[in-house]
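What follows is one chain in structure tokens, specifically the form predicted alone.
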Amino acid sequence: MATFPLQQPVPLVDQVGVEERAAKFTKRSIKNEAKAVGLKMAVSMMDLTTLEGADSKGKVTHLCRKALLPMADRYDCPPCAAVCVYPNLVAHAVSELKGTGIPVASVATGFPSGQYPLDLRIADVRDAVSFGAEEIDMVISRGRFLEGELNEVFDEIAATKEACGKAHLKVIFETGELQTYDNVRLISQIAIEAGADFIKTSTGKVSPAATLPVTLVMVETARDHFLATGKKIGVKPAGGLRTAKQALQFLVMVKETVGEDWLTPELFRFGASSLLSDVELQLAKLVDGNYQSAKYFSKG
């Protein structure tokens, strides 16, 4: 198991500098051919997600089919990266996606609050993995982190990673509750050293969620860890991402910060419940030459 204290130094974040750099990524001009490539890439990086109290097997079946074939064949749109559901629906999603190569991800550890005893959170993870989840999205104890109990937060991430077995671990910070970029940088390094395969901004239940500046801080942490150790850690913005324009801005940020090697579903994901709809509309516009009504595309 990983050990605390941290092996890599955690620098302070220049708030003005981060926000200025992030703003620059929104001003890049992307022409039609490159735009089409970028939008298809964004689809291939989406964790198509349903995390509602009314989730059912029927809804998950539809989501799985949508992930496999987001658009009609003539649009040449790739499948999504994964389908993310609650643990009780993992087995059904696994059955629906058998043989497709699309993994099932599951939120766990008392999502979205993380306010459960650790033994229950670990049991939640083990259940999801036993049902067939290949990826686990955990939430940290934000209260403990904000109270300075960093060793305890490190230990809970490390314990969750151990419970994952062969499943990949994405660690959700809920950045909208962390107050400062310095805290985002610190928890990013803690999660990485505790064993995270991905660091993730948000549950999608708290605002603000996946902003460009916050995600830039996380991407820079992953970059610096790679430069220090040679190990690549993925980054996943989630929550509040609804437009194709936003997705392209995030991809520009990744390319210009860590390079094209990170432009792959193995290292960058979007947590998406509504983002896919707008990407579909924009792709259809590029292919057909005009906007279509959203009613012509099934909802994820």
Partner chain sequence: MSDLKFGSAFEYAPAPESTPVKLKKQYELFIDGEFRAPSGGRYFGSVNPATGKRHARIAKAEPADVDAAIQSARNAYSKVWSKMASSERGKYLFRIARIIQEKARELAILESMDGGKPIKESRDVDVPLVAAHFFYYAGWADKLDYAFPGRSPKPVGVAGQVIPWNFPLLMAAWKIAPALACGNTVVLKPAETTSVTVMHLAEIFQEAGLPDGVVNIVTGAGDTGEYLVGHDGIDKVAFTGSTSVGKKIAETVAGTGKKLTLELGGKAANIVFDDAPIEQAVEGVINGIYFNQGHVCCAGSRLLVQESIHDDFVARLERRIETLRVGDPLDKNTDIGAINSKEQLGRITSLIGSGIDEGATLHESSCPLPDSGYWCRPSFFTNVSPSHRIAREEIFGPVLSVLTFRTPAEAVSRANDTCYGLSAGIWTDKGSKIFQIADQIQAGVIWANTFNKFDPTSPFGGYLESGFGREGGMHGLMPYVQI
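Remember, predicted model here, so these are calculated numbers, not experimental data. Positions refer to the first chain, counted from 1.
The protein also exists as the form predicted together with its partner chain; that form is not presented, and the subsequent description refers to it.
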- Report the stretch among 58 to 66, 267 to 275, 233 to 241, 30 to 38 that approaches its partner chain in the predicted bound form to within 4.5 Å, counting heavy atoms only. 30 to 38
- Contact label in the predicted bound form: Asp288 to its partner chain, heavy atom within 4.5 Å: no
- Message: Taking its partner chain as it sits in the predicted bound form, is Arg223 near enough to touch it, meaning that at least one heavy atom pair lies within 4.5 angstroms?
- Response: yes
- Verify the contact flag for Ser44: yes if a non-hydrogen atom of it lies within 4.5 Å of a non-hydrogen atom of its partner chain in the predicted bound form, no if not. no
- Task: Evaluate Leu120 for contact with its partner chain in the predicted bound form, applying a 4.5 angstroms cut-off between non-hydrogen atoms, and reply yes or no.
- Result: no
- Message: Given a 4.5 Å distance limit between heavy atoms, list every residue of 255 to 280 close to its partner chain in the predicted bound form, or none if there are none.
- Response: Lys255, Glu256, Thr257, Val258, Gly259, Glu260, Asp261, Leu263
